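The chain below stands alone and is given in structure tokens; this is the form predicted on its own.
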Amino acid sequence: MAPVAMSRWTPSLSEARPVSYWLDDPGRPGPEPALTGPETCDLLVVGGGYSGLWTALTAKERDPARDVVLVEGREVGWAASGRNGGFCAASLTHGLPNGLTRWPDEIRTLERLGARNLDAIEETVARHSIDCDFERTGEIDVATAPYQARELGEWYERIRSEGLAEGIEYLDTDAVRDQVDSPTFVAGLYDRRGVAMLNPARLAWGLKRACLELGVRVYEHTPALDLRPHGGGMAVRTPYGAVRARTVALGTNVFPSLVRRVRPYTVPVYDYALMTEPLTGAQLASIGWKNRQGLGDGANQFHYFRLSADNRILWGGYDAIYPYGGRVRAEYDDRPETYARLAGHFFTCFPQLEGVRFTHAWGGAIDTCSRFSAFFGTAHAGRVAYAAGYTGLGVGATRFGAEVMLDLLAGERTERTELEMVRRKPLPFPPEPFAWTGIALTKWSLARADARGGHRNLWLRTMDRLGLGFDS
């Protein structure tokens, strides 16, 4: 790896620890013991991130008598569930623009189900006393260039005309800077109810505790090695044992699916974030961030940022790195050149905060699919269900995915299973070198569009026509 070029901002990273701020918590619970020997259950959940945790918890809440086992290859919440920005959105479709483009006939149903899902998460956090700093503060999409402001205004008028703008407010330059003061902000869309901020690792640990209290047997440091039919159910082999189950729910997301035919539908993309030291009262006042909303900018290569409970700023995004061959490796979790780039962008956004230092810098893989929102399915004659492809917006949507998987395993026709979004799959990614070439060309084209006032070149316009376009 080439050395990182020095800039005036790199000293701000001198004390940054290469670990997720959320996971670097003295209150982190210890792991449950690994599985040793045989185990049987009604439902086996594979994966101890949000997808698996919500599935196990919801299964027990639907039927307290159901015997549920969850296995996790490392520790609950160690991967994307403990590394993300903590934006818990109502959207099930990776934002209203993506959902309206792909499922215009059912977008109102998807929006209603998403709002109900976020309400249910808030209620679950309260009912199980999960200490995860849940704040329903909303989110502002900010424009940092005139073309983005124009597009935000046009989009707002469109959703108003279609009756989809409830709870959403357009902010001009003065109004957006009254909410958060950055010289780069020129407009914004404020979704006041559709997003909550939370501590993602503590959410995962709280869901684990709730599962244990309801009788779920959780085994950590227990990777699932293979999946095969066994009698009228399924069997999963682990390093020191095996689990026989009537049904299996797979919540492995970015990691290779135990159902091999699902693997071409997802690829890993590496995302990176910084966390500042706690801001002083004067520093916080200098940027006027008084309502604690989440924020994201409107560029194709975008940033997301928010305040923690102790008034640090998490600053992430921009670089999205796809490794050739789609391999998930720990060596990709740390990327100093991206940290340096993010630090420069941070101080461009908030020059008032010059002198602030970063305490944590980290990265990790998220799964994405070609439609940028989750897909679902079954295997082995309906005894196995899976959900994957959340593309970085899974903090909230995984609970909905858990409900879908349980509906599918029960063979039930529900409002969820009747959705076109649930019934149809995205296009799979091509094999290498075509996947890497296509993703690299798309990234280059998106960066070029940002530099050319949002103009999308022939490649991006072709991807749009094929339903593969991505603009955020």
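The numbering used is simple: start at 1 and walk along the sequence shown. Note that this is a predicted model, so its numbers are computed, not measured.
Not pictured, yet referred to below: the form predicted together with a small molecule.
Chemist: Can you work out whether Asp271 and the small molecule are in contact in the predicted complex, taking contact to mean some heavy atom pair no more than 4.5 Å apart?
Modeler: Output for Asp271 is yes: heavy atoms within 4.5 Å of the small molecule.
Chemist: Contact between Arg246 and the small molecule in the predicted complex at 4.5 Å, heavy atoms?
Modeler: Close contact is absent here: in the predicted complex, Arg246 is far from the small molecule, nothing within 4.5 Å, heavy atoms only.
Chemist: Though only this chain appears here, would Gly294 touch the small molecule in the predicted complex if you measure heavy atom gaps against 4.5 Å?
Modeler: Contact check for Gly294: no, nothing within 4.5 Å of the small molecule in the predicted complex.
Chemist: Taking any heavy atom pair closer than or equal to 4.5 Å as contact, tell me whether Trp78 reaches the small molecule in the predicted complex.
Modeler: Trp78: yes, in contact with the small molecule in the predicted complex.
Chemist: So in the predicted complex, are Val46, Arg83 and Ala365 all sitting within 4.5 Å of the small molecule, heavy atoms only?
Modeler: Yes, the whole trio is in contact, each within 4.5 Å by some heavy atom.
Chemist: Counting non-hydrogen atoms within 4.5 angstroms of the small molecule in the predicted complex, say which of Thr93, Thr276, Thr252, Thr266 makes the cut.
Modeler: Looking at the other structure, the residue within range turns out to be Thr252.
Chemist: Cys349, Leu152, Leu393, Ala340: which sits within 4.5 Å of the small molecule in the predicted complex by any heavy atom?
Modeler: Selected residue: Leu393.
Chemist: So which stretch, 223 to 231, 341 to 349, 124 to 132, 277 to 285, is the one near the small molecule in the predicted complex (non-hydrogen atoms, 4.5 Å)?
Modeler: Stretch 223 to 231 is the one.
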